[in-house]
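Consider the single chain below, provided in structure tokens and representing the form predicted alone.
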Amino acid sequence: MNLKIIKAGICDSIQDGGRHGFQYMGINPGGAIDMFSMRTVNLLAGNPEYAPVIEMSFPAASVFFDAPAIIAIGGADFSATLNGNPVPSFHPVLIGANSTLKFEQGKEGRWCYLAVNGNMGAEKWLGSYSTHTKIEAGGWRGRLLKKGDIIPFTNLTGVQSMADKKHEVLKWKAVPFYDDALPNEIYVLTGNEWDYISDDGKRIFGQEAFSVSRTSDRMGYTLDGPAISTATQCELISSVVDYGTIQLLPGGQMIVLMAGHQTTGGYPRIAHVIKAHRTKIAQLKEDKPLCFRITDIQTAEQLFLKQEHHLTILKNGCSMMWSDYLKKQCMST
């Protein structure tokens, strides 16, 4: 089966769980910016949870499938349609040959993920299929997807019954993950240079609302909002940074480093978004306010384990549903 890009999006690429262990060489992990949604759609599509997917922002690509396949879409809601018919998010969907998948409207969220059952014929570099555009490696020729790109998939399963059908939504789905935080609350841990901020700056950080700037990208989300003042003025030696590190820029604005972040930085690291809330901040659009809430490491660990437990339940459930589905497929042939 081949997937063809018939209309390019503005920032669509192949991503997976990222390449780890190379930051000392100046190579960042990369990977999906919303790892939780990426893992979810992979499990729904019958793939390993860290398999490569197509990550899209809006306007997103339009894609053509020349043979039957099973897909799952999740993350942002871009009003997906298949041959003109709405396609639900976070469901596995069987599609027939010569089907066209489009994304009509960016309703909610920033990043949408398309998982296709089977092995994607992408380029692997340093153990990962994630696209690294600066080095031009990984993914599809080390670049964003373009019109005319044809991505092959092999070892597809469960498509025997699709010979005469346009599409079929399978009966299982993923349910949202919730914690005790409000939808716009982002939990953070204080960083190494937290005390560089003045008392008034700390008050603003913890009480005022911010929003994601339109200049934001996969490397970092610059935040619009009141300036954060510092209590001390000094130069810092570049230090290690990570996804979720919040740096304070010279003008008092903040930037949250995202999946495409650099490996080191010289700005004060005033806080870090907890791992369980990366998906929340990743999906925030420019018109959505956010506020930071300082938490402790114990709460951060509990929320991370709760999120992983949610995915484990989904993984086990999908495994059982897939097993039952494939048995029925075998009996019908």
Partner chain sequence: MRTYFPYTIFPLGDTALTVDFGNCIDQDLSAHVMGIFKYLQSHPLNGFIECVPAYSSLTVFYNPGVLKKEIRNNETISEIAREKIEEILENKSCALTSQFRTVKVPVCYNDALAPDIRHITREKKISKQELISIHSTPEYRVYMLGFLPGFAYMGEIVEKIRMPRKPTPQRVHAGSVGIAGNQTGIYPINSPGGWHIIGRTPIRLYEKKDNDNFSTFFQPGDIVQFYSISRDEFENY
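Please read these numbers as outputs of a predicted model, since none were measured by experiment. Positions refer to the first chain, counted from 1.
Another form, the form predicted together with the partner chain, is not on view; read the next lines as being about it.
J.: Considering non-hydrogen atoms and a 4.5 Å limit, which listed residue (Thr263, Thr230, Thr222, Thr100) is close to the partner chain in the predicted complex?
T.: When the partner chain is considered in the predicted complex, the option within 4.5 Å is Thr263.
J.: Exactly one of His91, Arg218, His132, His167 has a non-hydrogen atom within 4.5 Å of the partner chain in the predicted complex; which residue is it?
T.: The residue from His91, Arg218, His132, His167 that makes the contact is His132.
J.: Based on heavy atom distances of 4.5 Å or less, which listed stretch (206-214, 134-142, 74-82, 112-120) is in contact with the partner chain in the predicted complex?
T.: Of the options, only 134-142 has residues within 4.5 Å of the partner.
J.: Using heavy atoms and a 4.5 Å limit, would one call Trp125 a contact residue for the partner chain in the predicted complex?
T.: Result yes; Trp125 sits at the interface with the partner chain in the predicted complex.
J.: Even though the partner isn't displayed, in the predicted complex is Asp66 close enough to the partner chain, meaning a heavy atom within 4.5 Å?
T.: Because no heavy atom of Asp66 falls inside 4.5 Å of the partner chain in the predicted complex, the answer is no.
J.: Please tell me whether any heavy atom belonging to Asp180 falls inside 4.5 Å of a heavy atom of the partner chain, as the geometry stands in the predicted complex.
T.: Answer no; every heavy atom of Asp180 is more than 4.5 Å from the partner chain in the predicted complex.
J.: Can you tell me whether Ile294 touches the partner chain? I mean in the predicted complex, with a 4.5 angstroms heavy atom cut-off.
T.: No, no contact at 4.5 Å.
J.: Please state whether all three residues Met35, Gln105 and Gln283 have a non-hydrogen atom within 4.5 angstroms of the partner chain in the predicted complex.
T.: Not a single residue of the candidate spot has a heavy atom within 4.5 Å of the partner chain in the predicted complex.
J.: If you apply a 4.5 angstroms heavy atom cut-off, which residues in 286-307 are near the partner chain in the predicted complex?
T.: Going through 286-307 in order - heavy atoms within 4.5 Å of the partner chain in the predicted complex - the hits are Ile297, Gln298, Ala300, Glu301, Phe304, Leu305.
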